[in-house]
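Next up is one chain by itself, shown in structure tokens, the form predicted on its own.
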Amino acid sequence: MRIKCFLSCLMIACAIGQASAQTREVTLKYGAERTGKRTDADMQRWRDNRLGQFIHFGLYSIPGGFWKGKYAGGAAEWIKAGARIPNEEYVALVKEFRLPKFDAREWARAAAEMGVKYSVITTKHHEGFCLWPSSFTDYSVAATPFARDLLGEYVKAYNDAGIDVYFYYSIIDWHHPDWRSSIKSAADSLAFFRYRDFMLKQVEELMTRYPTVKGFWFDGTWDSSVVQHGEITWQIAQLMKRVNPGIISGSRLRVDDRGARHFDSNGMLMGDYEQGWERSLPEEMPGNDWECVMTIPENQWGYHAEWRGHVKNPTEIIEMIAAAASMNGNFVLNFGPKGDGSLREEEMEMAREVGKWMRVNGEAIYACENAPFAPRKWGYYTRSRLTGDAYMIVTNPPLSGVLKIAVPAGLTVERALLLGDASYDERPARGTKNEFALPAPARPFATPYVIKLVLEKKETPAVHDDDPKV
């Protein structure tokens, strides 16, 4: 009996020790820089923007998902790797980079029409080709027949349109002689750190050449060379902060001492916002600032001449924008301009349709956040950070024709106003448990509609059932 008791105590002690070890923080030199969210004005501007645009553009835009007449599966910007194109053949695309239909002002006009507040552009994707005349490589627009500073024209046009600019930059570089996806020798290690120095120079060049850039969107930190040397991502982040303390960068850049990406080995977010939401939305509201990036078809980031799979319609995109804002997130829609520099008509139409909706209902998205009301199946709630007004974004109108709202105790819904239609001005009927009922607008809608709620802080007598036992 004593032996059994001793063994039981020993097992309990071991279990307690293991639990303690699991909860003990790991000492990290290159982990998260902070706990909690940034509270500065630059980060608040990023949050308030809510709707963004992504532009994937490079040499890969010229073949448009086809090589030597054959369809190349996968993402168009990966065609060099996916179609196993020899380097000398791929580099020849530089001589085809003429862009007869490129007009940065037209790109900016379409973005403004859609209602985007910030835009992310691929300054250098995995192919290594640079959209600006970099001083540190000849593999850039400077070597093309186009020969102009595409990135500079883009920055000016978007800034003139009142749209914030963010730069995508790939850590991976299939063209650079010193890039290593894995490190297998001392020579590989020396080359990889020469490449690190090249990256640092380019990031600083981008920030100083285009000082209005608000932040960076990094990609490609999954290769083992970077995972084994997470300190280089820390060094990039520190360089950016030295050049511009207000610069914004998401979690895709960061890798910690132990190879953990996005979140460090203690579970803390690395970077200023969470970037794990690629072509997907969270089912529950994340605790961090976050951003979703979305494509229109399933097979295009960079331009693909043949869209395949499901192609999203404007109403789907609008519903995603509403869902993101209701969960304190930003939504970014991707565009892949053609190899001649023009935007494809399907994307222009998407911009027009989303823009029509945003012009009427944008106050329920911009500078809005989660409204802490009980969720309803008819759609989403948002609340303006600036005015405190709450909004119902109705994506699934009930067949009953009645919209029900449950608000926290101490609040009442005084009026309900339909955005874009002054004839709808309702005073909700109050029910039990601080629930209010509204008649749904009578006319049909092709896209979600938004009802603005006028709230007041005051207690009102509850409506009780006749049965005193209830």
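Residue numbers here begin at 1 and follow the sequence given. What you see is a predicted model; the values in this text were computed from it and never measured.
One more form of this protein exists, namely the form predicted in complex with a small molecule; it is left out here, but the text below deals with it.
With the small molecule left out here, work out from 149 to 157, 128 to 136, 215 to 223, 107 to 115 which stretch has heavy atoms within 4.5 Å of it in the predicted complex.
In the other structure, the partner sits against 215 to 223.
Counting non-hydrogen atoms within 4.5 angstroms of the small molecule in the predicted complex, say which of Y30, W46, F54, F436 makes the cut.
It is F54.
Looking at Y195, Y90, Y166, W78, which has any heavy atom no more than 4.5 Å from the small molecule in the predicted complex?
The residue in contact is W78.
Residues R252, E278 and W301 are flagged as a possible site; in the predicted complex, is every one of them within 4.5 Å of the small molecule by some non-hydrogen atom?
Yes: each residue has a heavy atom within 4.5 Å of the partner.
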